[in-house]
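Take a look at this single chain, the form predicted on its own, given in structure tokens.
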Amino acid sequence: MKQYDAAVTTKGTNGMTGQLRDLGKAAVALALIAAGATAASAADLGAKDDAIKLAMLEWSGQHISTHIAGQLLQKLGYKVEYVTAGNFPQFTGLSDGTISASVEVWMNNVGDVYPKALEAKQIEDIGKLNLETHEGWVYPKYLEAMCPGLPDWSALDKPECQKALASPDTAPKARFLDYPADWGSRAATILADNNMNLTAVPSGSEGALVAEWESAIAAKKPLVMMFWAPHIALAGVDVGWIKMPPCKTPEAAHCITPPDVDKIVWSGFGKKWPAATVLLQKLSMDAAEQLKIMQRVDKKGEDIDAVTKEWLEKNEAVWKPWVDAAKG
């Protein structure tokens, strides 16, 4: 500061020298304010030595979104842990802070645990992931030869389709492969709403759901099931989506629409990790890009950390604005 003042006072008359000295002091004051702002911005990392625990749920796409989020948080200077959790049980962890954040939550499948935790202010919804989604009743296109009238939902009740889809445990009704029981069953509700002659049979897990789909495709067997996209199991397969019956009520349990995908954090997250909050708010995921990563991880067996790291290296223009915003 003394050097700056001395440089200023070497110029001009005595009156001008005083004015310049005042300007110099003002400039230094502004510089100090700016330095303070930088320090405050750096402090916005918050509790950077406490690991941010990210939920790892049951499906591949969520793993990809989570690993990308985790690696970006590490770039900011945070420690990250990945915590295995179930789709519904995750909200218990998010509510008490044992899970810090979940970055790909499909809002059509949160039951009543999400609204209860939100109302109790135990969790916070920090925005959309902007993942373009599709969910509904999917079938392999060759089924249309066995079930005339597809993709209209009414075709499933026709005798020839009923016969094709029936199984020993559901006959004489057709069999509908549903989500695992602990995911909830909107499909069963919709079948009942419309008096459809199908029995919803829950799958044991996502892995079992995919395995049956792939087995049916390989053998060209008839199958209709509840599913979603983007998903690696649909890559390279000619599929159809049932045109759904009209909703009987506006309640979520009676309707299937393309779901929103949100990012949920523990209610204390923003105060504890301010910069991380900004980053996760900015985080988004492109469905086509996610599917490309899925193909490498699920089909080729490549390491998810390595593949997501490579994606980040090649797509800095996508994520750098998020990190810059978090740095302030």
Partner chain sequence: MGVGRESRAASTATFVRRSYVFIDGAFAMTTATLNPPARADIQLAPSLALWLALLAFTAVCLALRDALPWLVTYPKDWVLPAATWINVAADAFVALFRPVFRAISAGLDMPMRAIQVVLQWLPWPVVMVAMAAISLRASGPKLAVFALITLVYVLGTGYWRHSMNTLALVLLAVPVSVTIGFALGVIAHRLPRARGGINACLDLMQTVPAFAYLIPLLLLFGFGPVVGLIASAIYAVPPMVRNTMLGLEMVPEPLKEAGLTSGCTKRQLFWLVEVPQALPQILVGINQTTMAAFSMVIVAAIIGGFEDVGWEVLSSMRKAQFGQSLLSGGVIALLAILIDRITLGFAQEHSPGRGWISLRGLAGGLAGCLLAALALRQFMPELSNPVPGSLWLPQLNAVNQVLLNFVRDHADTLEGIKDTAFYCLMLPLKVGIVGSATPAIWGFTLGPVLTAAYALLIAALTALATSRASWAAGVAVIVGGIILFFGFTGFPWPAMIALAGGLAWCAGGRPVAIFAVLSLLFILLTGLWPFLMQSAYLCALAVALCLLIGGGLGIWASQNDRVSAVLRPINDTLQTMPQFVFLIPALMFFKVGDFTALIAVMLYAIVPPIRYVEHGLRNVRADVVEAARQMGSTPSQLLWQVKLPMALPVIMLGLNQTINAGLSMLAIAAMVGTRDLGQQVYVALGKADTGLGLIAGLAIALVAMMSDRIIQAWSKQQAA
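Positions refer to the first chain, counted from 1. The model shown is predicted, which means the values in this text are computed figures rather than measured ones.
Another form, the form predicted in complex with its partner chain, is not on view; read the next lines as being about it.
- In the model of the complex, no residue of the candidate spot (139, 154 and 238) has a heavy atom lying within 4.5 Å of its partner chain.
- Considering its partner chain in the model of the complex, the lone stretch of 245-253, 187-195, 143-151, 85-93 in range is 85-93 [heavy atom distance within 4.5 Å].
- When its partner chain is considered in the model of the complex, residue 124 lies well away from it, no heavy atom lying within 4.5 Å.
- The closest non-hydrogen atom of residue 202 lies within 4.5 Å of its partner chain in the model of the complex.
- The closest non-hydrogen atom of residue 99 lies within 4.5 Å of its partner chain in the model of the complex.
- Proximity of residue 132 to its partner chain in the model of the complex falls outside the 4.5 Å heavy atom cutoff.
- A heavy atom within 4.5 Å of its partner chain in the model of the complex is found for one listed residue only; from 66, 277, 60, 290, this is 60.
- Among the residues 128, 158, 75, 221, the one placing a heavy atom within 4.5 Å of its partner chain in the model of the complex is 221.
- Contacts between stretch 274-310 and its partner chain, counted in the model of the complex as any heavy atom lying within 4.5 Å, involve 298, 299, 300, 301, listed in sequence order.
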